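One chain follows as C-alpha coordinates, the form predicted on its own.
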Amino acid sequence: MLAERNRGYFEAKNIAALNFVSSPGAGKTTLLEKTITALKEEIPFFVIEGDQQTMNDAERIDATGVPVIQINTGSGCHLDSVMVNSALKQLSPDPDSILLIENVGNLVCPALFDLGEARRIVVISVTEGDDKPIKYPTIFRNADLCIINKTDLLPYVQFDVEKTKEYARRIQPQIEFIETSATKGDGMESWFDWLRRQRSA
(Lines give C-alpha, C1' and ligand atoms only; values in the text may rest on other atoms or scores of the structure.)
Protein backbone atom coordinates (compact mmCIF):
# COMPACT_ATOMS: atom_id res chain seq x y z
CA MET A 1 0.00 0.00 0.00
CA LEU A 2 2.82 2.40 0.84
CA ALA A 3 4.59 1.63 -2.44
CA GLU A 4 1.34 2.17 -4.33
CA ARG A 5 1.01 5.58 -2.68
CA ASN A 6 4.40 6.51 -4.12
CA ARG A 7 3.49 5.02 -7.48
CA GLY A 8 0.31 7.11 -7.62
CA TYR A 9 2.34 10.24 -6.86
CA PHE A 10 4.77 9.42 -9.68
CA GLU A 11 2.00 8.71 -12.15
CA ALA A 12 0.11 11.88 -11.26
CA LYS A 13 3.19 14.00 -11.90
CA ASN A 14 4.43 11.89 -14.84
CA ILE A 15 7.71 11.15 -13.06
CA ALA A 16 9.75 8.18 -14.27
CA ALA A 17 11.09 6.64 -11.03
CA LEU A 18 14.01 4.24 -11.46
CA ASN A 19 15.36 2.07 -8.64
CA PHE A 20 19.05 1.17 -9.04
CA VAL A 21 20.25 -1.90 -7.14
CA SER A 22 23.68 -3.55 -7.09
CA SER A 23 26.50 -4.88 -4.98
CA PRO A 24 28.75 -2.26 -3.37
CA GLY A 25 31.28 -0.99 -5.88
CA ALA A 26 29.46 -1.99 -9.06
CA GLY A 27 29.61 1.61 -10.26
CA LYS A 28 26.08 2.93 -9.64
CA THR A 29 27.15 6.37 -8.47
CA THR A 30 29.63 6.85 -11.30
CA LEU A 31 26.97 5.75 -13.77
CA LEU A 32 24.55 8.32 -12.36
CA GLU A 33 27.19 11.07 -12.32
CA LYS A 34 28.06 10.51 -15.98
CA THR A 35 24.40 10.23 -16.97
CA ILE A 36 23.36 13.42 -15.23
CA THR A 37 26.32 15.37 -16.57
CA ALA A 38 25.56 14.28 -20.13
CA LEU A 39 21.78 14.73 -20.08
CA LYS A 40 20.86 17.33 -17.45
CA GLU A 41 20.25 20.03 -20.08
CA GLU A 42 17.82 17.67 -21.82
CA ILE A 43 16.15 15.89 -18.88
CA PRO A 44 15.30 17.24 -15.41
CA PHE A 45 16.80 14.81 -12.87
CA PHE A 46 16.15 14.41 -9.15
CA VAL A 47 18.10 11.91 -7.05
CA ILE A 48 17.58 9.94 -3.84
CA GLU A 49 20.79 8.39 -2.47
CA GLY A 50 20.64 5.45 -0.07
CA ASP A 51 23.57 4.36 2.10
CA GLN A 52 24.04 3.07 5.61
CA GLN A 53 26.33 5.98 6.50
CA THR A 54 28.06 9.11 5.09
CA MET A 55 27.01 11.79 2.64
CA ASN A 56 29.70 10.78 0.14
CA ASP A 57 27.46 9.76 -2.77
CA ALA A 58 25.04 12.66 -2.28
CA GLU A 59 27.98 15.07 -2.36
CA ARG A 60 29.15 13.56 -5.65
CA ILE A 61 25.68 13.95 -7.16
CA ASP A 62 25.28 17.45 -5.71
CA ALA A 63 28.42 18.45 -7.60
CA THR A 64 26.57 17.79 -10.87
CA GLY A 65 24.09 20.53 -9.97
CA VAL A 66 20.89 18.49 -9.65
CA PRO A 67 18.69 18.23 -6.53
CA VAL A 68 19.60 15.26 -4.30
CA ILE A 69 18.53 13.89 -0.93
CA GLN A 70 20.64 11.45 1.10
CA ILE A 71 18.95 8.71 3.15
CA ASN A 72 21.17 7.03 5.73
CA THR A 73 19.65 3.73 6.82
CA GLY A 74 21.99 3.08 9.75
CA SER A 75 21.97 -0.68 10.31
CA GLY A 76 19.33 -1.14 7.59
CA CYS A 77 20.39 -2.79 4.35
CA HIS A 78 17.82 -1.28 1.96
CA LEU A 79 15.52 1.63 1.25
CA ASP A 80 11.78 1.24 1.79
CA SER A 81 8.69 3.06 0.53
CA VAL A 82 8.32 5.14 3.73
CA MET A 83 11.89 6.45 3.43
CA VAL A 84 11.32 7.31 -0.22
CA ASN A 85 8.03 9.05 0.55
CA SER A 86 9.69 11.17 3.23
CA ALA A 87 12.51 12.07 0.83
CA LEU A 88 10.01 13.03 -1.86
CA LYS A 89 8.42 15.59 0.46
CA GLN A 90 11.78 17.31 0.81
CA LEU A 91 12.89 16.84 -2.79
CA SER A 92 9.58 17.79 -4.47
CA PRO A 93 10.56 16.57 -7.96
CA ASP A 94 9.13 18.45 -10.93
CA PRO A 95 6.50 16.95 -13.23
CA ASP A 96 7.84 15.19 -16.34
CA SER A 97 11.20 14.51 -14.66
CA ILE A 98 13.23 11.38 -13.95
CA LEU A 99 13.81 10.32 -10.35
CA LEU A 100 16.96 8.26 -9.88
CA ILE A 101 16.89 6.19 -6.67
CA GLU A 102 20.27 4.69 -5.78
CA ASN A 103 19.52 1.93 -3.31
CA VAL A 104 21.88 0.65 -0.62
CA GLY A 105 24.61 -1.54 -2.12
CA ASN A 106 23.26 -5.04 -1.55
CA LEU A 107 21.92 -7.80 -3.82
CA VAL A 108 19.68 -9.38 -1.18
CA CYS A 109 17.58 -6.99 0.94
CA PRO A 110 16.56 -4.42 -1.72
CA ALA A 111 15.07 -7.20 -3.87
CA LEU A 112 12.21 -7.65 -1.41
CA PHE A 113 11.03 -4.04 -1.19
CA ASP A 114 8.87 -2.23 -3.74
CA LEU A 115 9.49 1.52 -3.55
CA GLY A 116 6.79 2.43 -6.06
CA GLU A 117 9.30 2.67 -8.89
CA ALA A 118 8.40 2.28 -12.56
CA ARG A 119 11.53 0.30 -13.42
CA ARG A 120 14.13 -1.62 -11.44
CA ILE A 121 17.68 -1.64 -12.78
CA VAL A 122 20.29 -4.07 -11.51
CA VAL A 123 23.89 -3.01 -12.08
CA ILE A 124 26.66 -5.60 -12.00
CA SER A 125 30.32 -5.17 -12.82
CA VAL A 126 32.56 -7.60 -14.66
CA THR A 127 34.79 -7.78 -11.59
CA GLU A 128 32.05 -9.54 -9.60
CA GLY A 129 31.83 -12.83 -11.48
CA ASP A 130 29.40 -14.00 -14.16
CA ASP A 131 27.30 -16.18 -11.83
CA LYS A 132 25.59 -13.29 -10.01
CA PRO A 133 22.13 -13.97 -11.52
CA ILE A 134 21.96 -17.54 -10.27
CA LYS A 135 23.48 -16.71 -6.88
CA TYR A 136 21.07 -13.81 -6.27
CA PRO A 137 18.00 -14.71 -8.36
CA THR A 138 15.42 -12.56 -6.56
CA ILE A 139 17.07 -9.28 -7.49
CA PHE A 140 17.09 -10.35 -11.14
CA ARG A 141 13.56 -11.75 -11.09
CA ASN A 142 12.21 -8.28 -10.33
CA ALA A 143 14.54 -6.35 -12.65
CA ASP A 144 13.61 -4.74 -15.96
CA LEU A 145 17.15 -3.95 -17.05
CA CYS A 146 20.61 -5.31 -16.24
CA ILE A 147 23.54 -2.98 -16.83
CA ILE A 148 26.81 -4.88 -17.12
CA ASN A 149 29.34 -2.23 -16.13
CA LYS A 150 33.13 -1.84 -16.19
CA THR A 151 33.40 -3.63 -19.54
CA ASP A 152 36.76 -1.93 -20.11
CA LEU A 153 38.14 -4.44 -17.57
CA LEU A 154 36.99 -7.53 -19.50
CA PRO A 155 40.52 -8.26 -20.83
CA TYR A 156 41.77 -8.55 -17.25
CA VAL A 157 39.08 -10.64 -15.55
CA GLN A 158 37.38 -13.99 -16.04
CA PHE A 159 33.85 -12.90 -16.92
CA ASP A 160 31.62 -14.38 -19.62
CA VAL A 161 29.08 -11.75 -20.68
CA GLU A 162 26.90 -14.19 -22.62
CA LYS A 163 26.84 -16.65 -19.73
CA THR A 164 25.65 -13.89 -17.40
CA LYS A 165 22.86 -13.01 -19.82
CA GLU A 166 21.86 -16.66 -20.14
CA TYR A 167 21.70 -17.08 -16.35
CA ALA A 168 19.62 -13.90 -15.97
CA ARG A 169 17.17 -14.93 -18.71
CA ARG A 170 16.55 -18.22 -16.94
CA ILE A 171 15.16 -16.17 -14.07
CA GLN A 172 13.61 -13.23 -15.96
CA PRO A 173 13.13 -14.00 -19.69
CA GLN A 174 12.13 -10.40 -20.54
CA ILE A 175 15.10 -8.70 -18.91
CA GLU A 176 17.04 -6.26 -21.11
CA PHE A 177 20.82 -5.77 -21.10
CA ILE A 178 23.13 -2.86 -21.71
CA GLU A 179 26.91 -3.20 -21.53
CA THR A 180 28.74 -0.09 -20.33
CA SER A 181 31.96 1.35 -19.08
CA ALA A 182 30.77 4.39 -17.19
CA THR A 183 34.32 5.66 -16.74
CA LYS A 184 35.36 5.23 -20.40
CA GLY A 185 31.99 6.03 -21.97
CA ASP A 186 31.52 2.73 -23.80
CA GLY A 187 27.86 1.80 -24.25
CA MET A 188 26.59 4.96 -22.57
CA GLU A 189 24.65 6.14 -25.63
CA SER A 190 22.63 2.90 -25.55
CA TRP A 191 21.90 3.55 -21.89
CA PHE A 192 20.90 7.17 -22.61
CA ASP A 193 18.51 6.00 -25.34
CA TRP A 194 16.91 3.52 -22.93
CA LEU A 195 16.52 6.32 -20.39
CA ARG A 196 14.89 8.62 -22.94
CA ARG A 197 12.37 5.89 -23.79
CA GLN A 198 11.36 5.57 -20.13
CA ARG A 199 10.65 9.27 -19.93
CA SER A 200 8.59 9.31 -23.13
CA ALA A 201 6.66 6.24 -21.92
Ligand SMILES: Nc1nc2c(ncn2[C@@H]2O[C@H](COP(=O)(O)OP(=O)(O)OP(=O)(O)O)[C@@H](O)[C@H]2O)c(=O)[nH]1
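The numbering used is simple: start at 1 and walk along the sequence shown. Just so it is clear, the structure is predicted and the values come from calculations on it, not from any experiment.
FYI, the form predicted together with this ligand isn't displayed, but the following is about it.
Proximity of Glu4, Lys13 and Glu117 to this ligand in the predicted bound form is absent: no residue of the three has a non-hydrogen atom within 4.5 angstroms.
For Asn19, no non-hydrogen atom is located within 4.5 Å of this ligand in the predicted bound form, even though that partner is not displayed. This ligand is not shown here, but in the predicted bound form it comes within 4.5 Å of a heavy atom of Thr29. By the criterion of a heavy atom within 4.5 Å, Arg60 is counted among the residues contacting this ligand in the predicted bound form. When this ligand is considered in the predicted bound form, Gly105 lines it closely, a heavy atom lying within 4.5 Å. Among the residues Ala38, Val66, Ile134, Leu153, the one placing a heavy atom within 4.5 Å of this ligand in the predicted bound form is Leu153.
Stretch 52-60 is the answer when you ask which of 139-147, 160-168, 38-46, 52-60 has residues with heavy atoms within 4.5 Å of this ligand in the predicted bound form. Within 4.5 angstroms of this ligand in the predicted bound form, the stretch 1-21 places no non-hydrogen atom at all.
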